[in-house]
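As structure tokens, one chain now follows by itself in the form predicted alone.
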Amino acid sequence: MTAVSEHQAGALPPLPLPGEQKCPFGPPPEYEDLRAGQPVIRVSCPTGVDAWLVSRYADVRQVLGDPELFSNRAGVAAHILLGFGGGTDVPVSEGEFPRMDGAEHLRFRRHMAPEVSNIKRINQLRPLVQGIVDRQLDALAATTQPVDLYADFARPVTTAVIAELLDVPEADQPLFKRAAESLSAGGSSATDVAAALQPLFEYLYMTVVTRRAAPGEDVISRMIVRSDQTDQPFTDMELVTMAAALLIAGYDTTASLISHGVLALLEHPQELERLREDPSLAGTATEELVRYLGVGGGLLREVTQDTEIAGQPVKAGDYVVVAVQSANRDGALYADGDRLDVGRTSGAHLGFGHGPHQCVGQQLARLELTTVLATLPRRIPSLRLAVPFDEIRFKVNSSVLGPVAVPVAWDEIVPALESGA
């Protein structure tokens, strides 16, 4: 067993979080020393939670892969954000399956996964996603420069994809935009979050009732039909909560990954050039960007019984934050983990999580990011930042990493048919 550090004996250090310019693409610099000397240490988190911080790849993988010892019931971001998505003292809502474990969690996942993760379904969606990306690039061509790649490209693309899957008309999409923005903002109070969620839940309840009466081909209808064939069909409220989670995650999480990833490539021009010259690298580039950018604030777990992590005793009821970004840079995984390499072939990263609770929508996110990376560099070969990099602001105290805005400019946007996109 490891000795208790002086930090653990006195006031707890704060959870290291990405900050403005300090670490725009990687984990805070403290993690290198933590991995080397204090791989499991007590920290204080922004929402008042005290937790064990785990920073090495093997230990993070161990925690994520063992939900019997490390439960998800507190909510993955309850150490950073208040409101929907959990809380250490917030009861699990009906249908809030990410905070469930075991058979209860699997009941929901087995019906949602075929819609957003099944490879056959993803292949069916490729033309849809490609068309959305090309149309949004066409729209940029008619826009006065500079434009914000995040607000004017990434968000419209991911919004259109998830809205198409759930058959949400464009006029109704501001409902889930407001909810997503409230949830991802670290300064939002529980009251703010509830106020943003209420109209969305009311809208989705009426949607579920309508689709139950007359199912279509959208994701909500397909989950209704599939679950009705089981001995435990979903209730209306369960479907509302599941649909809300899909809409909110699909709106901003992937959009932030797209804008953050493109910004990283703009700051690594040799890697962007490799991608421009060989669009077949888009698949490995996607995995590399997910690894490289990771989950900055970490993921929260609750210890269910006394155990150890890397020799450090932890007690039932303790909280654990697994530092995914740090784990993905661990030298035990990649000797050059701090280097961005769009041709890296190993897929052992933890950017989408690991174990039963790994991201249920990861295949859809892969499809969207891969399509962007195969298309954007070829259609806008002259893409560049419109401001100095040190003027780019980054989100802080947020569950979603990435730049607040990415102002860009270009010389020409190549038409889709000429690009080969």
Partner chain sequence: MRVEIHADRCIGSGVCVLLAPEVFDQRDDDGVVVLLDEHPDARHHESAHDAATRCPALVIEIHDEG
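Residue numbers count along the first chain shown, from 1. What you are looking at is a predicted structure, and each value in this text was computed from that prediction instead of being measured.
Heads up, the form predicted together with the partner chain isn't pictured, but that's what we're talking about next.
Although the partner is absent here, Ala316 is not a contact residue: none of its heavy atoms lies within 4.5 angstroms of the partner chain in the model of the complex. In the model of the complex, no heavy atom of Asp152 sits within 4.5 Å of the partner chain. Taking the partner from the other structure, the partner chain in the model of the complex has no heavy atom within 4.5 Å of any heavy atom of Gln136.
Put simply, Arg42 is far from the partner chain in the model of the complex: not one heavy atom of it is within 4.5 Å. This chain is displayed without the partner chain, yet in the model of the complex the stretch 113 to 121 from 113 to 121, 318 to 326, 193 to 201, 253 to 261 comes within 4.5 Å of it by heavy atoms. Residues of 55 to 69 that come within 4.5 Å of the partner chain in the model of the complex, judged by any heavy atom, are Arg61, Gly65 in sequence order.
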